[in-house]
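Quick heads-up: it's one chain on its own, the form predicted alone, in structure tokens.
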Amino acid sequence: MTLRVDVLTTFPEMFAPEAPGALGLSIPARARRAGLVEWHATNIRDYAANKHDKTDDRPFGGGPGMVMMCQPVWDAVQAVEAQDPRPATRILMTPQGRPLSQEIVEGLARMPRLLIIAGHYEGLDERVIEKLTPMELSIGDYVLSGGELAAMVLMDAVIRLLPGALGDEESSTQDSFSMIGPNGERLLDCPHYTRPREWMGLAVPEVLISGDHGKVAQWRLAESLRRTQERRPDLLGPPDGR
């Protein structure tokens, strides 16, 4: 079944399928042409109930910036969800959301439909968030000009996990955070090498050219564990296992 992704934004042109950007090239573009995914961008301004198509207003209580109003966002969600009978998993990209992880991405890749709200300005009026109850996700502890780039990051991460999106179905299982360690940990990927066998005095590890697939697998797991311990020990849990 084709995954449908709806993006609600004030900049729909960023998501044009043929645009030479993050989604118009490489794996997302090939997956779309193969019918694995379709995405539609809806302009929230089209649902603004004012003559200037405004989607934002000044915050109560004062302060800098503008806040996106409830009504345009609510109406846009209702209209877009009515376009397809499949239930949509609502997602709001916000720096206040849960950190995006490979585990979350894997779950979303199994959904029939995603509806992503790309906020702007100081964010959305809290009341529309309470009414829509979306999954709130963040791609990092920093602030972007809007949620559009974060939405693209999420879409790319999900699309590459769709069956048939990658040339080798085993490829994604060997990625960082997809590799599973002996105790169920999510590991970083191991180092990789290609031709030539020696470059600037550095040689490819002998085990990788030994032809012994068992030893190669052991080496890769050991290197993944070593690299995870060095760079992301938090992924391995407390040292005492508690």
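The first residue of the shown sequence is 1; numbering continues from there. What you see is a predicted model; the values in this text were computed from it and never measured.
Quick note: we don't show the form predicted in complex with a small molecule, though the next part is all about it.
Engineer: Mark Pro134 yes when one of its heavy atoms lies within 4.5 Å of a heavy atom of the small molecule in the predicted complex, and no otherwise.
Structural biologist: Although the small molecule is absent here, Pro134 would stay clear of it in the predicted complex, with no heavy atoms inside 4.5 Å.
Engineer: Is there any non-hydrogen atom of Ala157 lying within 4.5 Å of the small molecule in the predicted complex?
Structural biologist: Contact with the small molecule, no.
Engineer: Residue-level question: is Val143 within 4.5 Å of the small molecule in the predicted complex, judged on heavy atoms?
Structural biologist: Val143: yes, in contact with the small molecule in the predicted complex.
Engineer: With a cut-off of 4.5 Å between heavy atoms, is Ala76 one of the residues that contacts the small molecule in the predicted complex?
Structural biologist: So Ala76 does not count as contacting the small molecule.
Engineer: Based on heavy atom distances of 4.5 Å or less, which listed stretch (77-85, 159-167, 125-133, 94-102) is in contact with the small molecule in the predicted complex?
Structural biologist: Result for this chain: 94-102.
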